[in-house]
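Single chain ahead, written as structure tokens, the form predicted on its own.
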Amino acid sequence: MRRGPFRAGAFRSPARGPRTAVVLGRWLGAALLLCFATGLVSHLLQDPPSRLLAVGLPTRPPWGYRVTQGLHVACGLAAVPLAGAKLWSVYPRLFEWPPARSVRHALERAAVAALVAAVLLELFTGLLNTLQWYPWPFPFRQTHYWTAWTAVGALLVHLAVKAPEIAAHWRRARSVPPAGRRAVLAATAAAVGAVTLTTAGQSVPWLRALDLFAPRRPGAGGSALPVNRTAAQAGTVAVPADWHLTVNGPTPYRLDLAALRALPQTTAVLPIACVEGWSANGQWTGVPLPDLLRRAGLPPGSAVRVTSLEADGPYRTTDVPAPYADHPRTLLALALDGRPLTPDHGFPARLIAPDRPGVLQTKWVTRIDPL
């Protein structure tokens, strides 16, 4: 005899039903697809295929990554209450009996299991990434990337299997909706709105006043530009007294800080936009990177590798594709907002380029090599 959630009639809420599941599925699907598309942008910027190093990556608009990564994190946070509501609308089916009625039914349930597991893992790891807390033994970025593909694959299988039922309930029926359905949808929409409005201010300046729960609030605490990795964490607080910049090429050369400051300087307002979702503008002053490369005899179209003083770390070196290396607003920055760089912001010199993730704006630069 079946007991508990397996007994017939165990779930009685009239608000559950195919129409509720389809509406919530549309909202959740839109959020997940936006997350997937913007996540791919971030992945391509951080791990460009070798052919893109010289052919082209977008350098315009300079705030492009700020928008795509802000959307990525905002949609991911909005997907948390959406996923909870969607699971609520369909979880009685987890207790259907018999568990598999046919091969098609077994495949459908397997796809749903993969989809639910992948989405929950994505949202959980992504949420902790916004806090820069990684209490797991596996690499976050690679796991997040491949789990996203797993989720999308399982979602496509699920949509194919459920296509007839989705089509039948895509439009609102003329009959009176069951009691409670509108309340469930309204409550879900309110939860999504509240989550978005109280966290999006970390990347949307005009929502900053409502930014209550985001882990980073640019401008709070007197710091207009937050720092993810400090000089103390990187072991670069004490810069060697004989620090100099080495630029290799057909005519390699070395410059100390005074010589760099004596070169023609350019000022540009560019954002730091981080994978954790926060972003803020800074006024950067420094030597245009193309000027440094031409001085070393490197022709336009050259991709380069920038190396930091850091002894280790996943971003100790950064490959700069040719479109960025040639861009006149890509700077070896020596000052921020009119003042010399602080150790935490990359003293004595850091890279700043338009439309690049913050982790690629290498700090404490000491060498530039052609690729």
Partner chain sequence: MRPVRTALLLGGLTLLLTGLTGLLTDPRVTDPFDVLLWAAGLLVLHDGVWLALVCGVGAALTGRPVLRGWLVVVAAVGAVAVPAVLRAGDDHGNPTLLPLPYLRNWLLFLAASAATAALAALVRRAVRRAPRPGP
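This is a predicted model, so every value here is computed, not measured. Positions refer to the first chain, counted from 1.
One more form of this protein, predicted in complex with its partner chain, exists but is not displayed; see below.
- Heavy atoms within 4.5 Å of its partner chain in the predicted complex belong, among the stretches 242 to 250, 283 to 291, 205 to 213, 297 to 305, to residues of 205 to 213.
- Annotated contacts: L120, Q132 and N228 all touch its partner chain in the predicted complex [non-hydrogen atom within 4.5 angstroms].
- Within this chain, F138 lines the site of its partner chain in the predicted complex, having a heavy atom no more than 4.5 Å away.
- When contacts are judged by a 4.5 Å heavy atom cut-off, L260 does not count as touching its partner chain in the predicted complex.
- Its partner chain is not drawn, but in the predicted complex it has no heavy atom within 4.5 Å of P98.
- Using a 4.5 angstroms threshold between heavy atoms, R16 counts as touching its partner chain in the predicted complex.
- Contact annotation: of the candidates V269, L159, V237, A106, the single residue with a non-hydrogen atom within 4.5 angstroms of its partner chain in the predicted complex is L159.
- Although its partner chain is not shown here, in the predicted complex the stretch 70 to 86 places heavy atoms of L77, V80, P81, G84 within 4.5 Å of it, in sequence order.
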